[in-house]
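Next up is one chain by itself, shown in structure tokens, the form predicted alone.
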């Protein structure tokens, strides 16, 4: 259990894919407008990263170096397409709400980072690498989505929590998403630097 908690801390805090590595920002910012879309897109990204990482680890040694990047993109796109088809089949309105930003996972830095980790890695290491990136992404998009829907629309999962007249509509805009993410990064970096300074003084 201690080892698992340490791994989660490293994935979500120490090497967070969004706040530290700054990967996958376009889909993160655009799909965090509501809690439902944020949760679904975060879960989809995590599943895609793990499955594509496993396949890449199995095929990486036989794919020629000249076409590796293209091959990895195709593999990632395959799993993204499966997620899209499942959403179209079971949650068509939600898939429509996600728009073009779900397929953007295919060409995001998140997917390329997962592919690089999986290349020449064991299946287990590739799966853990994809899971690590996915956990960090999921944590940030969950918090972003929660704040943007609650304070921007005054709702959670569509249920009214805050009276509409008190909602801060700016948070629901792309500018609001970028501004909020900037605050996240600044606070995260400040806390991390303070923690490092404390460890050095000890």
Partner chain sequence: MKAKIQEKLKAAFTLPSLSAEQKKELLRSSLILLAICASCALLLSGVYSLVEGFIEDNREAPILAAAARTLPADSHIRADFDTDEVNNVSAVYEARTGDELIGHCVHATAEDYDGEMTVVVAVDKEGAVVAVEVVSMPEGVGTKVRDTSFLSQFVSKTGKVECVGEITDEGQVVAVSGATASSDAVTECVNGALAAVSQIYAEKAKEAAVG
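Numbering follows the first chain given and starts at 1. Everything quoted here is computed from the prediction, not taken from an experiment.
Below, we turn to the form predicted in complex with its partner chain, even though it does not appear here.
Distance criterion of 4.5 Å from any heavy atom to its partner chain in the predicted bound form singles out 75 from the list 127, 75, 104, 113. If you check its partner chain in the predicted bound form, you find no heavy atom from any of 148, 162 and 192 within 4.5 Å. At least one heavy atom of residue 71 is located within 4.5 Å of its partner chain in the predicted bound form. Although the partner is absent here, residue 117 lies well away from its partner chain in the predicted bound form, with no heavy atom inside 4.5 Å. Using a 4.5 Å cutoff between non-hydrogen atoms, residue 64 counts as a contact of its partner chain in the predicted bound form. Although the partner is absent here, residue 86 sits close enough that one of its heavy atoms falls within 4.5 Å of its partner chain in the predicted bound form.
Stretch 56 to 64 is the contacting one of 170 to 178, 32 to 40, 152 to 160, 56 to 64, since its residues have non-hydrogen atoms within 4.5 Å of its partner chain in the predicted bound form.
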